[in-house]
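As C-alpha coordinates, one chain now follows by itself in the form predicted on its own.
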(Lines give C-alpha, C1' and ligand atoms only; values in the text may rest on other atoms or scores of the structure.)
Protein backbone atom coordinates (compact mmCIF):
# COMPACT_ATOMS: atom_id res chain seq x y z
CA UNK A 1 0.00 0.00 0.00
CA UNK A 2 1.33 3.42 -0.90
CA UNK A 3 0.02 6.26 1.21
CA UNK A 4 1.21 9.84 1.13
CA UNK A 5 1.62 11.38 4.55
CA UNK A 6 2.43 14.99 5.47
CA UNK A 7 4.27 14.64 8.79
CA UNK A 8 4.32 18.41 9.33
CA UNK A 9 1.34 20.78 9.62
CA UNK A 10 0.67 23.56 7.14
CA UNK A 11 -0.07 24.04 3.47
CA UNK A 12 3.56 23.77 2.33
CA UNK A 13 5.14 20.68 3.95
CA UNK A 14 8.92 20.64 3.96
CA UNK A 15 8.94 17.06 2.75
CA UNK A 16 6.61 14.23 1.83
CA UNK A 17 6.52 10.70 3.18
CA UNK A 18 5.48 7.84 0.92
CA UNK A 19 4.71 4.95 3.23
CA UNK A 20 4.61 1.50 1.60
CA UNK A 21 4.11 -0.07 5.02
CA UNK A 22 6.94 -2.61 4.68
CA UNK A 23 6.34 -5.83 6.56
CA UNK A 24 8.34 -6.12 9.76
CA UNK A 25 10.20 -9.42 9.71
CA UNK A 26 9.97 -11.50 12.86
CA UNK A 27 13.31 -11.77 14.62
CA UNK A 28 12.16 -14.92 16.40
CA UNK A 29 11.03 -16.62 13.20
CA UNK A 30 14.29 -15.74 11.44
CA UNK A 31 16.45 -17.06 14.28
CA UNK A 32 14.45 -20.28 14.64
CA UNK A 33 14.63 -20.89 10.90
CA UNK A 34 18.35 -20.11 10.81
CA UNK A 35 19.15 -22.44 13.70
CA UNK A 36 17.06 -25.24 12.22
CA UNK A 37 19.10 -25.62 9.02
CA UNK A 38 22.07 -27.92 8.47
CA UNK A 39 24.35 -24.87 8.60
CA UNK A 40 23.22 -22.59 11.37
CA UNK A 41 22.88 -18.88 10.57
CA UNK A 42 21.31 -15.60 11.67
CA UNK A 43 20.52 -12.96 8.99
CA UNK A 44 23.05 -10.12 9.22
CA UNK A 45 20.31 -7.46 9.17
CA UNK A 46 19.45 -8.42 12.76
CA UNK A 47 22.87 -7.26 13.93
CA UNK A 48 21.63 -3.68 13.70
CA UNK A 49 19.37 -3.13 16.68
CA UNK A 50 19.99 0.04 18.71
CA UNK A 51 23.00 -1.41 20.52
CA UNK A 52 24.38 -3.00 17.36
CA UNK A 53 24.05 0.25 15.43
CA UNK A 54 25.99 2.11 18.13
CA UNK A 55 28.73 -0.52 18.02
CA UNK A 56 28.90 -0.30 14.23
CA UNK A 57 29.30 3.48 14.49
CA UNK A 58 32.27 2.81 16.77
CA UNK A 59 33.68 0.31 14.27
CA UNK A 60 33.65 2.97 11.55
CA UNK A 61 35.98 5.08 13.70
CA UNK A 62 38.52 2.31 14.34
CA UNK A 63 41.98 2.64 12.76
CA UNK A 64 41.72 -0.87 11.25
CA UNK A 65 38.33 -0.28 9.60
CA UNK A 66 39.21 1.40 6.31
CA UNK A 67 36.05 1.12 4.13
CA UNK A 68 34.07 4.05 5.57
CA UNK A 69 36.85 6.61 5.71
CA UNK A 70 38.24 5.53 2.32
CA UNK A 71 34.87 5.91 0.60
CA UNK A 72 34.31 9.26 2.32
CA UNK A 73 37.69 10.50 1.08
CA UNK A 74 36.87 9.50 -2.49
CA UNK A 75 33.47 11.21 -2.29
CA UNK A 76 35.07 14.31 -0.77
CA UNK A 77 38.09 14.57 -3.07
CA UNK A 78 36.23 13.66 -6.26
CA UNK A 79 32.88 15.29 -5.48
CA UNK A 80 33.03 17.75 -8.36
CA UNK A 81 33.96 15.03 -10.85
CA UNK A 82 31.24 12.73 -9.57
CA UNK A 83 28.70 15.55 -9.69
CA UNK A 84 29.68 16.41 -13.25
CA UNK A 85 29.40 12.76 -14.26
CA UNK A 86 25.87 12.57 -12.82
CA UNK A 87 24.73 15.82 -14.43
CA UNK A 88 22.21 18.53 -13.52
CA UNK A 89 18.57 18.42 -12.43
CA UNK A 90 18.78 14.89 -11.02
CA UNK A 91 16.69 13.27 -8.31
CA UNK A 92 19.05 11.43 -5.92
CA UNK A 93 17.56 8.18 -4.64
CA UNK A 94 19.50 6.74 -1.67
CA UNK A 95 19.08 3.09 -0.71
CA UNK A 96 19.14 2.35 3.00
CA UNK A 97 19.53 5.96 4.08
CA UNK A 98 21.85 6.30 7.06
CA UNK A 99 23.13 9.56 8.50
CA UNK A 100 23.03 11.20 5.02
CA UNK A 101 26.68 12.31 5.38
CA UNK A 102 27.64 10.75 2.06
CA UNK A 103 24.45 11.89 0.32
CA UNK A 104 25.14 15.47 1.39
CA UNK A 105 28.54 15.32 -0.29
CA UNK A 106 26.78 14.46 -3.55
CA UNK A 107 23.98 16.99 -3.09
CA UNK A 108 26.58 19.72 -2.51
CA UNK A 109 28.40 18.72 -5.68
CA UNK A 110 25.37 18.35 -7.98
CA UNK A 111 24.24 21.11 -10.29
CA UNK A 112 20.65 22.04 -9.42
CA UNK A 113 19.71 18.80 -7.66
CA UNK A 114 15.98 18.33 -8.16
CA UNK A 115 15.14 16.02 -5.27
CA UNK A 116 16.46 13.77 -2.54
CA UNK A 117 14.60 10.48 -2.09
CA UNK A 118 15.87 8.32 0.79
CA UNK A 119 14.49 4.75 1.04
CA UNK A 120 14.52 2.90 4.35
CA UNK A 121 12.29 0.53 6.31
CA UNK A 122 12.38 2.73 9.43
CA UNK A 123 9.61 5.32 9.25
CA UNK A 124 10.84 7.25 12.31
CA UNK A 125 14.39 7.43 11.00
CA UNK A 126 13.17 8.63 7.60
CA UNK A 127 11.08 11.43 9.12
CA UNK A 128 14.06 12.68 11.16
CA UNK A 129 16.37 12.45 8.16
CA UNK A 130 13.94 14.15 5.76
CA UNK A 131 13.42 16.99 8.21
CA UNK A 132 17.19 17.48 8.57
CA UNK A 133 17.75 17.51 4.79
CA UNK A 134 14.81 19.85 4.18
CA UNK A 135 16.28 22.21 6.78
CA UNK A 136 19.78 22.04 5.27
CA UNK A 137 18.65 22.38 1.63
CA UNK A 138 15.76 24.86 1.37
CA UNK A 139 13.91 24.49 -1.91
CA UNK A 140 15.05 20.91 -2.50
CA UNK A 141 12.16 18.48 -2.95
CA UNK A 142 12.53 15.79 -0.30
CA UNK A 143 10.47 12.63 -0.74
CA UNK A 144 11.04 10.02 1.97
CA UNK A 145 10.08 6.50 0.93
CA UNK A 146 9.35 3.97 3.67
CA UNK A 147 9.91 0.65 1.93
CA UNK A 148 12.16 -2.37 1.59
CA UNK A 149 14.33 -1.49 -1.39
CA UNK A 150 15.02 -5.17 -2.07
CA UNK A 151 11.34 -5.66 -2.92
CA UNK A 152 9.44 -4.35 -5.98
CA UNK A 153 7.77 -0.99 -5.48
CA UNK A 154 6.40 1.89 -7.54
CA UNK A 155 8.33 5.09 -6.99
CA UNK A 156 6.39 8.33 -6.52
CA UNK A 157 6.20 10.48 -9.65
CA UNK A 158 7.68 13.95 -9.73
CA UNK A 159 6.48 16.93 -11.71
CA UNK A 160 8.14 17.60 -14.03
CA UNK A 161 9.51 14.07 -14.35
CA UNK A 162 13.20 14.02 -13.41
CA UNK A 163 16.06 11.71 -14.21
CA UNK A 164 17.02 9.64 -11.19
CA UNK A 165 20.38 8.53 -9.87
CA UNK A 166 20.39 5.68 -7.38
CA UNK A 167 22.99 5.96 -4.61
CA UNK A 168 24.14 2.78 -2.87
CA UNK A 169 27.19 3.64 -0.73
CA UNK A 170 29.08 1.79 1.99
CA UNK A 171 29.84 -1.31 -0.06
CA UNK A 172 26.47 -2.60 1.10
CA UNK A 173 26.21 -4.31 -2.26
CA UNK A 174 29.08 -6.52 -1.05
CA UNK A 175 26.76 -8.02 1.57
CA UNK A 176 24.85 -9.60 -1.31
CA UNK A 177 25.98 -12.63 -3.26
CA UNK A 178 26.89 -11.98 -6.88
CA UNK A 179 23.52 -13.35 -7.98
CA UNK A 180 21.70 -11.15 -5.46
CA UNK A 181 23.73 -8.09 -6.49
CA UNK A 182 22.89 -8.72 -10.15
CA UNK A 183 19.20 -9.10 -9.32
CA UNK A 184 19.23 -5.89 -7.26
CA UNK A 185 20.90 -3.87 -10.02
CA UNK A 186 18.72 -5.38 -12.74
CA UNK A 187 15.52 -4.72 -10.82
CA UNK A 188 16.38 -1.08 -10.21
CA UNK A 189 17.49 -0.52 -13.80
CA UNK A 190 13.84 -0.73 -14.79
CA UNK A 191 12.84 1.73 -12.07
CA UNK A 192 15.55 4.25 -12.88
CA UNK A 193 14.68 4.12 -16.57
CA UNK A 194 16.81 4.49 -19.66
CA UNK A 195 19.78 6.77 -19.02
CA UNK A 196 19.10 6.64 -15.29
CA UNK A 197 22.22 6.30 -13.17
CA UNK A 198 23.45 4.19 -10.28
CA UNK A 199 26.29 5.39 -8.03
CA UNK A 200 27.72 2.45 -6.07
CA UNK A 201 30.46 2.19 -3.46
CA UNK A 202 32.36 -1.10 -3.77
CA UNK A 203 35.15 -2.45 -1.56
CA UNK A 204 38.00 -3.89 -3.59
CA UNK A 205 39.90 -7.12 -3.11
CA UNK A 206 42.87 -6.49 -0.86
CA UNK A 207 45.46 -8.53 1.04
CA UNK A 208 44.32 -10.48 4.10
CA UNK A 209 46.73 -8.40 6.19
CA UNK A 210 44.48 -5.38 5.53
CA UNK A 211 41.03 -6.95 5.30
CA UNK A 212 41.04 -9.28 8.32
CA UNK A 213 42.03 -6.65 10.94
CA UNK A 214 39.21 -4.45 9.64
CA UNK A 215 36.76 -7.15 10.73
CA UNK A 216 38.65 -8.32 13.83
CA UNK A 217 40.03 -5.19 15.48
CA UNK A 218 42.50 -5.18 18.35
CA UNK A 219 39.99 -3.57 20.75
CA UNK A 220 37.41 -6.30 20.13
CA UNK A 221 34.64 -3.89 19.09
CA UNK A 222 33.74 -5.97 16.04
CA UNK A 223 33.59 -9.11 18.17
CA UNK A 224 31.16 -7.37 20.53
CA UNK A 225 29.12 -6.20 17.54
CA UNK A 226 28.81 -9.74 16.23
CA UNK A 227 28.05 -11.27 19.63
CA UNK A 228 25.37 -8.63 20.21
CA UNK A 229 22.96 -10.64 18.05
CA UNK A 230 23.13 -13.38 20.73
CA UNK A 231 22.65 -10.81 23.48
CA UNK A 232 19.64 -9.50 21.57
CA UNK A 233 18.16 -13.01 21.22
CA UNK A 234 18.54 -13.57 24.98
CA UNK A 235 16.94 -10.22 25.80
CA UNK A 236 14.13 -10.12 23.25
CA UNK A 237 13.36 -13.80 22.71
CA UNK A 238 14.16 -15.34 26.08
CA UNK A 239 16.94 -17.47 24.58
CA UNK A 240 19.78 -18.75 26.77
CA UNK A 241 22.87 -18.34 24.59
CA UNK A 242 26.09 -18.51 26.60
CA UNK A 243 27.56 -15.51 24.82
CA UNK A 244 31.04 -16.06 26.26
CA UNK A 245 31.07 -19.57 24.77
CA UNK A 246 31.12 -18.25 21.21
CA UNK A 247 34.15 -16.75 19.46
CA UNK A 248 34.03 -14.14 16.68
CA UNK A 249 35.67 -15.83 13.66
CA UNK A 250 36.28 -13.97 10.37
CA UNK A 251 37.78 -15.74 7.35
CA UNK A 252 38.84 -14.20 4.05
CA UNK A 253 39.67 -15.67 0.64
CA UNK A 254 41.96 -13.32 -1.25
CA UNK A 255 41.23 -15.09 -4.56
CA UNK A 256 37.45 -14.71 -4.48
CA UNK A 257 37.32 -11.62 -2.26
CA UNK A 258 34.78 -13.28 0.02
CA UNK A 259 34.92 -12.43 3.70
CA UNK A 260 32.75 -14.52 6.02
CA UNK A 261 32.03 -13.97 9.71
CA UNK A 262 30.93 -16.76 12.02
CA UNK A 263 30.40 -17.18 15.72
CA UNK A 264 32.21 -20.40 16.64
CA UNK A 265 30.95 -22.52 19.53
CA UNK A 266 33.79 -23.10 22.00
CA UNK A 267 32.15 -26.15 23.53
CA UNK A 268 29.32 -28.61 23.05
CA UNK A 269 26.25 -26.77 24.23
CA UNK A 270 22.47 -26.52 23.95
CA UNK A 271 20.47 -23.35 23.36
CA UNK A 272 16.76 -23.07 24.16
CA UNK A 273 14.54 -20.74 22.19
CA UNK A 274 10.79 -20.57 21.42
CA UNK A 275 10.16 -23.88 23.18
CA UNK A 276 12.81 -25.68 21.13
CA UNK A 277 16.38 -26.83 21.72
CA UNK A 278 19.29 -26.33 19.37
CA UNK A 279 22.49 -28.29 19.90
CA UNK A 280 25.92 -26.92 19.00
CA UNK A 281 28.95 -29.15 18.70
CA UNK A 282 32.32 -27.85 19.82
CA UNK A 283 33.75 -25.92 16.86
CA UNK A 284 30.37 -25.62 15.11
CA UNK A 285 29.86 -22.29 13.43
CA UNK A 286 26.92 -19.88 13.32
CA UNK A 287 27.05 -17.77 10.14
CA UNK A 288 26.24 -14.10 10.76
CA UNK A 289 27.63 -12.04 7.90
CA UNK A 290 29.59 -11.95 4.68
CA UNK A 291 31.16 -9.18 2.67
CA UNK A 292 32.21 -9.68 -0.93
CA UNK A 293 35.11 -7.64 -2.28
CA UNK A 294 35.51 -7.15 -6.03
CA UNK A 295 38.16 -6.27 -8.56
CA UNK A 296 36.87 -3.06 -10.18
CA UNK A 297 36.65 -4.66 -13.62
CA UNK A 298 34.77 -7.66 -12.21
CA UNK A 299 32.14 -5.41 -10.65
CA UNK A 300 31.77 -3.51 -13.91
CA UNK A 301 31.24 -6.82 -15.73
CA UNK A 302 28.56 -7.73 -13.20
CA UNK A 303 26.90 -4.35 -13.78
CA UNK A 304 26.93 -4.87 -17.55
CA UNK A 305 25.22 -8.22 -17.11
CA UNK A 306 22.52 -6.40 -15.10
CA UNK A 307 21.80 -3.89 -17.87
CA UNK A 308 24.20 -1.02 -17.21
CA UNK A 309 27.07 0.72 -18.95
CA UNK A 310 30.04 1.43 -16.70
CA UNK A 311 30.61 5.16 -17.09
CA UNK A 312 33.34 6.08 -14.59
CA UNK A 313 35.12 4.67 -11.56
CA UNK A 314 37.19 6.39 -8.91
CA UNK A 315 39.67 4.35 -6.85
CA UNK A 316 41.70 5.48 -3.85
CA UNK A 317 45.53 5.45 -4.12
CA UNK A 318 45.74 2.35 -1.92
CA UNK A 319 43.31 0.51 -4.23
CA UNK A 320 41.04 -0.46 -1.35
CA UNK A 321 37.74 1.10 -2.43
CA UNK A 322 35.96 2.24 -5.55
CA UNK A 323 33.01 4.47 -6.43
CA UNK A 324 31.28 3.61 -9.71
CA UNK A 325 28.86 5.58 -11.85
CA UNK A 326 26.73 3.20 -13.93
CA UNK A 327 24.23 4.22 -16.59
CA UNK A 328 21.15 2.19 -17.46
CA UNK A 329 21.66 0.93 -21.02
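All values derive from a computational prediction rather than experimental measurement. Positions refer to the first chain, counted from 1.
Quick note: we don't show the form predicted together with a small molecule, though the next part is all about it.
Against the small molecule in the predicted complex, the set 94, 98 and 122 is in full contact: each member has a heavy atom within 4.5 Å. Residues of just one listed stretch (239-247, 163-171, 212-220, 133-141) have heavy atoms within 4.5 Å of the small molecule in the predicted complex: 163-171. The partner is absent here, but in the predicted complex a heavy atom of 102, alone among 78, 205, 224, 102, sits within 4.5 Å of the small molecule. Just one of 197, 74, 147, 110 comes within 4.5 Å of the small molecule in the predicted complex, counting any heavy atom, and that one is 147.
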